[in-house]
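Here you get one chain, nothing else, as structure tokens; it is the form predicted alone.
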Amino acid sequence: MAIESDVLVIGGGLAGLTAGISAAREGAHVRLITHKQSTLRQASGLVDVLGYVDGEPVADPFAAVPDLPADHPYRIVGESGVREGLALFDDVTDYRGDHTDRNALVPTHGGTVKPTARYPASAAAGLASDDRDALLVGFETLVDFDAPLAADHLGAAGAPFAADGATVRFPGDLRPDAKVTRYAHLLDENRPVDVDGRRLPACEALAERVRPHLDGHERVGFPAVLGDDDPAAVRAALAAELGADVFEVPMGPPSLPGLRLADRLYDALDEAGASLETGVPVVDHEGGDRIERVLVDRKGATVPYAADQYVLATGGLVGKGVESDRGGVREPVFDCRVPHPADRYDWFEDGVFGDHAFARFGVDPDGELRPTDERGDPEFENVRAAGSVLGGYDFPAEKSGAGVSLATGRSAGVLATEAL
């Protein structure tokens, strides 16, 4: 007997979670299944809606939506769909940026300034639009963040504030290969550590090592390791010790802000009443014009899962939601069509930063986000796609990946529920 639900969401990234939360909130019995850990754990934790169009920075993503190509996912869900996806996100997280349509400018660990629509509360005091001088602090054992170099890059990039950088030893003498969670938990617990022959709470010890470099700076940026369980309390403790605002600089993977965001969204999925199963890949499906059930590998046993409606949110080329080989490009779960040039040499441009066709590979949806065949008809009447499995947009170049996932995930969840 199949395991049944109203809506079965396949994929546990930002699009799948958004689809699951929205469908459950609409009253559907939702089950979300995922094969691997969420890609959110590798993301920066920032939520980009639209940062660039044709290589030019975008100040107001919403104003740019009508001018995007007709097959862009934002054109399918419309500006209202983008706003509703963000509204759902704002409702279940403590992110900032909802006070304006304009992108915020967030300094990154490489010393660049990234336009983004939503940012964690932990990054709020570090915005580049703030003209207060900033001190960036790196740790000797965390080589991914070279604070003096990042400060120099911000100056060269024309940031409207003065930035200086300092590198200190993190109290507790963590190993160079320590996970970011080790830094975070040590600060969360504020355990006593040895510093110059004394025992001090970790936050106080860290502040003591930063204080000689403070030199009047009104805000201090650290790599994003300031607590996991209660990062607000860690920032408050450091701010009190330093007498300056404290913020986190988003880092590359593995990303603690990404981990925190994933945890919050999984909590929201649970609060909405949806079920979750991880480590269960879909290996086959049954049905004709309508999917009757999918077959899932559960520890070597093939188990049927049946639903009235399905949401496909398995990711793009990187997440293996779209696969390619010399023979072509395909979507592996339902074998939906992925439009692509027949000659694989046309998939790429010569330059690394060229307009590569492969960047837009994905299923081609109709107005209800259902993948379509060569004639433009839905491949299955009860399957909708969301997130980076969709084609028609270049999310790395546009900085639009999170926004598309939120907008199409929310729309797919609502449409699936309306079709019940």
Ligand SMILES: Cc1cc2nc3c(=O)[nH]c(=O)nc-3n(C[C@H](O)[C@H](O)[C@H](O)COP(=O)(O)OP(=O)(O)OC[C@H]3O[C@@H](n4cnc5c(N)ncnc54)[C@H](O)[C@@H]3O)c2cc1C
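Position 1 is the first residue in the sequence shown; the rest follow in order. The structure presented is a predicted model; accordingly, all values stated were derived computationally and were not measured.
Below: the form predicted together with the named molecule, not depicted.
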property	result
Gln42 within 4.5 Å of the named molecule in the model of the complex, heavy atoms	yes
Any non-hydrogen atom of Asn382 within 4.5 angstroms of the named molecule in the model of the complex	no
4.5 angstroms heavy atom contact with the named molecule in the model of the complex for Val333	yes
Exercise: Lys320 in contact with the named molecule in the model of the complex, heavy atom 4.5 Å	yes
In the model of the complex, segment of 95-103, 281-289, 190-198, 140-148 with a heavy atom within 4.5 Å of the named molecule	281-289
Partner-contacting position among Arg370, Arg360, His35, Arg31 - heavy atom within 4.5 Å of the named molecule in the model of the complex	His35
Heavy atom within 4.5 Å of the named molecule in the model of the complex - qualifying residues of 387-401	Gly387, Ser388, Phe395, Gly401
